[in-house]
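Next up is one chain by itself, shown in structure tokens, the form predicted alone.
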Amino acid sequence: MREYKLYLNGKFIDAEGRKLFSGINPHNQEVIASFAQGSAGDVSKAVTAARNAFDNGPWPTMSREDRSALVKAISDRINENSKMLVELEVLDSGSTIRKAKEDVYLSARNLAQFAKLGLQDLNDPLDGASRAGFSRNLLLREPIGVVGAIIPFNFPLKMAIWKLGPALLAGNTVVLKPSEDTSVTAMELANMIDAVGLPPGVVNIITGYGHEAGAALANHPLVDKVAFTGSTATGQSIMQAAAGTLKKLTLECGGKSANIVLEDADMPMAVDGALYAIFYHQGQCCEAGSRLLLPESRADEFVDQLIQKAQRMKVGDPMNTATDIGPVVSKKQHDRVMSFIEKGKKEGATLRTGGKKPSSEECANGYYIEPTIFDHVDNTSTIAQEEIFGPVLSVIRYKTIEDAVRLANESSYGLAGGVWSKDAEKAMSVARKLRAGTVWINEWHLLNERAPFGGYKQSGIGREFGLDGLKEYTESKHVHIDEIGSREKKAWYDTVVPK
């Protein structure tokens, strides 16, 4: 069993209360690791270290090239330790090994791309802001300060990278709080950061429970910005906590994304795409295609094919390369998903497949749920409106394209959406009407570190990835430089100054 301490000011230390908590393998409920249980006091120490590193250390004033080189070195360490990280990601999160290999590869690639992005000069001479001989104007982009980064359980390593990369490259210092359900790879990342030699206090990693360590981080007066990924309810709480000191925020919150199949879609491809959209990582994706909108003319045939394929998916040990569906992350999450399945039944949706724990011995001790499909779902029902975060698909039928767009947008969320069609112009017309931050046409889940990602409405505030994501970790400063050089020629000279 692995044992992890807090990473604070360049050192690995015990929590001040010396309390521990365990990491549980969701496949068999075995304990795989112990973690220091960080308290509000530990968070305060970490924030103080980050504050000192920002105010007095070299990181904010270091050249873009030097910062980029150190961040790229962390990416290299991830690649060097990829086999170990893949195995730990599977044991800790229930990710299938096929997905975990992709996650570790993309974590290293994302960080390397962030390092390249961080070489860009974000300052702007603001040409045209003034006439020649009157003034020069500059827009400077400077680091915000101390960033509190709070990440969820579903993509532990990738989410840590998504927060640390742009925050560090913009010149900020960071206190990272991983999910209590999946903290292993974040702490292995701490080992790599330590080995690379970032200045003490630039990155601090505090493990612990959200209601204690996470809340303390969001509330701390010396934190200048909170970057959060997780549920909308928690995002709302963080907004309230940030109000007292007007902290900057980026919030990537929940989703109930609509996956729209048009009548002319390539059915075999769209069926496979719909399965991938919802059942990838057991549906534990904020932008999962959890609402499938089908034209009435093709719905019966489409759902029949969908069910046939869903029933052939292998549910079981995520370490087996043949496995398609692993366990959900915890008993709490398992019970939550099952409660939504019961609500779907009670509210009149037709359960076509799944809806229970698999009967195989392989799944006996884990938090497994069969891939579940509800048909004839009312768009106003609980399972169509609330984020389930599990392997549960709601099929909603529509009459016209206008009807599909209306149903898709009748949601408090707006993180992602998708359109399947052979007609590129028609698909693009639908995509433009969807109130969502990312829309795929004949695809799903593919994100790009060069393109911004984030949500409309209650799916969040701000963007990650690309220049937009990097700028989220900066303050804008306008500098006006006078070129007149004579007090008598100032525009305000005759206004208030006595002669």
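Note that the coordinates shown come from a computational prediction; the quantities given were computed from them, not determined experimentally. Start at 1 and count along the sequence shown; that's the residue number.
The protein also exists as the form predicted together with a small molecule; that form is not presented, and the subsequent description refers to it.
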query = Heavy atoms within 4.5 Å of the small molecule in the predicted complex: which stretch among 368-376, 115-123, 193-201, 170-178?
reply = 170-178
message = Can you work out whether Gly354 and the small molecule are in contact in the predicted complex, taking contact to mean some heavy atom pair no more than 4.5 Å apart?
response = no
message = Under a 4.5 Å heavy atom criterion, is Tyr105 part of the interface with the small molecule in the predicted complex?
response = no
message = Check Gly255 for me: does it contact the small molecule in the predicted complex (non-hydrogen atoms, 4.5 angstroms)?
response = yes
message = Considering non-hydrogen atoms and a 4.5 Å limit, does the small molecule approach Phe389 in the predicted complex?
response = yes
In the predicted complex, the residue from Gly273, Gly316, Pro143, Gly230 that sits within 4.5 Å of the small molecule by heavy atoms = Gly230
query = the small molecule isn't shown here, but in the predicted complex which of Asn259, Asn154, Ser394, Thr185 has a heavy atom within 4.5 Å of it?
reply = Asn154
request  = Establish, in the predicted complex, whether Ser290, Val405 and Trp444 all lie within 4.5 Å of the small molecule, using non-hydrogen atoms for the distance.
outcome  = no
